[in-house]
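Only one chain is given next, in structure tokens, and it is the form predicted alone.
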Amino acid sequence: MSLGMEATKVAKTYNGNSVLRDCSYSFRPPGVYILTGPNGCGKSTFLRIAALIEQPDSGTIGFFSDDKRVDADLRLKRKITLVLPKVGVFNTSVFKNVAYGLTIRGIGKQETEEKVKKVLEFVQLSHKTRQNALTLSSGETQRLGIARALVMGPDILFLDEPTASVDQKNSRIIEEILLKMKQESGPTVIMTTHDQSQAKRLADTLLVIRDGVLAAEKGPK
């Protein structure tokens, strides 16, 4: 199933402060959608709502496959994944961290090993396979988080500031990963960033939130 997503008049208020008030947009596969805006404008809030982690006060998030609405059930939730800026890891190897989601879904050992090996190569962490994940740098940890998401084969990958507090080398590698995903017809990416130059480098569609409203700055390439 190749998913599209429709946000319709999404609004959210915290402690009487209106963060989002009219966010509507149709996200159609494939491609990279980059969401920008000033600090505190609601980028991360919108991403959490879109990823079904948080509920809007009003408005709706709908998912579609072949223009038919998809129920927000477990099957759908397994096809969308959110990677946060601070990735939590288990006190075990990089391999076992990436394999965890497959293991709890009952995927066989051989298939798990093949998928984990492939995704670690993709995020350039093959040389860290047996290393304890807690010893990774912040940039490597962020790439580990992306690997854990990709190994599950999502249709939509939500990334919240994936290069925030990441050194230049790892930031460059993460951008390479995103561009390679696009070249290989990977998942649709919906990502927030405060880095305008990065947004322009990566975006097929550039979006901005201003005064609680979502608008397109640049359409598909």
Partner chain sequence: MNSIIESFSRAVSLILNLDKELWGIIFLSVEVSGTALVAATLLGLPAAAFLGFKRFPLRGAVVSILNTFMGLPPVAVGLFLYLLLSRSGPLGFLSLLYTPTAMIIAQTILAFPIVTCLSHSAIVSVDPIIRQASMTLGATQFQVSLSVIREARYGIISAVIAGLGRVMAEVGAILIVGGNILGFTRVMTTTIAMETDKGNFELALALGIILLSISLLINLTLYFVQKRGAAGAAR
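All values derive from a computational prediction rather than experimental measurement. Positions refer to the first chain, counted from 1.
Unshown form predicted in complex with the partner chain; subsequent notes refer to it.
Visitor: Tell me which stretch of 192-200, 22-30, 35-43, 148-156 has a heavy atom within 4.5 angstroms of the partner chain in the predicted complex.
Guide: One stretch meets the cut-off, namely 148-156.
Visitor: With the partner absent here, would 53, 84 and 105 each sit within 4.5 Å of the partner chain in the predicted complex, counting heavy atoms only?
Guide: So, yes: the whole triplet contacts the partner chain.
Visitor: Even though the partner isn't displayed, in the predicted complex is residue 126 close enough to the partner chain, meaning a heavy atom within 4.5 Å?
Guide: So residue 126 does not count as contacting the partner chain.
Visitor: Test of understanding: in the predicted complex, would residue 122 fall inside 4.5 Å of the partner chain by heavy atoms?
Guide: Residue-level check for residue 122: no, no contact with the partner chain.
Visitor: Wondering, does residue 91 line up within 4.5 Å of the partner chain in the predicted complex on heavy atoms?
Guide: Residue 91: contacts the partner chain in the predicted complex.
Visitor: Classify residue 78 as contacting or not contacting the partner chain in the predicted complex by the rule of any non-hydrogen atom within 4.5 angstroms, answering yes or no.
Guide: Residue 78: yes, in contact with the partner chain in the predicted complex.
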